[in-house]
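One chain comes next, on its own, written as structure tokens: the form predicted alone.
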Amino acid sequence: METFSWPVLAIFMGTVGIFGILVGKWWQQKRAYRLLATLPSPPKHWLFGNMLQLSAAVNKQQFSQFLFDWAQKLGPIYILWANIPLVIVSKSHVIETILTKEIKEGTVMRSRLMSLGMNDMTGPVIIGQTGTEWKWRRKGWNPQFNSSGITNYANIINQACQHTIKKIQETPEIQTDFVFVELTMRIISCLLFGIPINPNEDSLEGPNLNIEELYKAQSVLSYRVLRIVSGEPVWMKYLPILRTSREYWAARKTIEDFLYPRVDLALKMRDEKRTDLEGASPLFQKSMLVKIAANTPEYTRATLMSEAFLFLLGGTDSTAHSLAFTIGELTLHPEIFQKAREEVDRVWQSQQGITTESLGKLTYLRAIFKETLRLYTIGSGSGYVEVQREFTIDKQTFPPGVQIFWSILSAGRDPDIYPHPDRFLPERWLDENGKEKVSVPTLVFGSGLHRCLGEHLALLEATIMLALLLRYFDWELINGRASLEQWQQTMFIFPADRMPIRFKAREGVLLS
């Protein structure tokens, strides 16, 4: 008589149990989300839905491209079937309504999964918060990034842009995306931490700015957000056998080693109610970090460090990549290039350079940057909310528990809002008198209560940098249109080849 195999029975029963749970979950989901059954969806696996496709897109660093491609095939509202149904929206007025009305009324709130991913980069950050926790943080940072506050930094931004001009002059064939990363990281590091713009000057408060090292660490941590959103368990970071786990902890250490000395000094100045502490330079004393620590007592060492990292990250990638795409588009549109240059020359001659007073007159230049943001929305797909109460928009009802994700990359090509959406038309942002329109939605910066804090800084950086480039250089794309058509993505999209450009000094104009 054969001996009964208990291990075999245990495996069999475990398999049956897992199968039963999956089937039960499938049936429960089918009943709960029947209101979404009519929405189009990519072809899905009978058991895993669209999870495998979603994870593959993230692993290939093609997440936004994946959402965009399916929007082109399925329309402005479609669904991905994952553990929780994920409705993808790229209709401008639907996104606007969610951002303004539904969030304000509490019908939707920031997705717990997105909050989990954001807070797992280095700790709890403002984007990962809701309710009163979000309110006091937002209130603290608002004065630092409003239009008048940012305008005060125009001279610092101009100084950084002048350094970039000299670098391009010395190396005329250059990967511009990396050049702009250096530019924006130097600016935000100066504003946040009082680190000198001049790379030859040391920082007294902590390690000097190692841009390559910090940028690599930022990319590792921000890419992790998308992996968590697409289903990677948070606990996997504790498995040392995984390469991604080792990279995560190495990146955390790099960021913490850079930030903690500065955070500690800012908190010490707050606690002792002094700014003239030893080791605190005049630039650091005036920094955003010192101001926010002094004015927002709720911040602790851990939360202030995490917040400082978030603003370092957001203040670097988004504007840098957008600038790279902008100069690429200008190369492909010589008539727009020439019109922009004429505006810069006109303002330059009347003001003897680019000054705070003259920036407001560069309306066509800002229109060019806004048009780039429309076509290449760097943070596309960053909006992610969870439905709390059933509501209906545009004849589509969203039941509680559903996740809504929007692709601003697709919304930027909404023909109802942007006629001829695939054409590069800066004029769409201006009226017949050349003044900036306020009626055209710029969802790239969000809307409502959660509108991007860095909007004014990004526009000011881009306007000054583009003006100087147009004043001093002609240029051409080394890899042609491919630089604009092939993207990759961590949290932000960027040109896969880093936008190599060949610059040539403009005839008849001397570098000052």
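When you see a residue number, it is the position in the sequence shown, counting from 1. Since the structure is predicted, the reported quantities are computational estimates derived from the model, not experimental observations.
The protein also exists as the form predicted together with a small molecule; that form is not presented, and the subsequent description refers to it.
> If contact means any heavy atom within 4.5 Å, which of 412-420, 317-325, 195-203, 225-233 contacts the small molecule in the predicted complex?
Residues of 317-325 come within 4.5 Å of the partner.
> Within 4.5 Å of the small molecule in the predicted complex, do Arg110, Arg138 and Ile188 each have at least one heavy atom?
Verified in the predicted complex; spot residues all in contact, yes.
> Determine whether any heavy atom of Phe145 comes within 4.5 Å of a heavy atom of the small molecule in the predicted complex, and answer yes or no.
Although the small molecule is absent here, Phe145 would touch it in the predicted complex, with heavy atoms inside 4.5 Å.
> Lys44 near the small molecule in the predicted complex, any heavy atom under 4.5 Å?
So Lys44 does not count as contacting the small molecule.
> In the predicted complex, does Trp134 come within 4.5 Å of the small molecule, counting heavy atoms only?
Answer yes; at least one heavy atom of Trp134 falls within 4.5 Å of the small molecule in the predicted complex.
> Counting only non-hydrogen atoms and a 4.5 angstroms cut-off, does His450 reach the small molecule in the predicted complex?
Looking in the predicted complex, residue contacts with the small molecule include His450, since a heavy atom lies within 4.5 Å.
> Which residue, Ala340, Ile127, Val290, Ile98, has a heavy atom that falls within 4.5 Å of the small molecule in the predicted complex?
None of the others qualify; the residue that does is Ile127.
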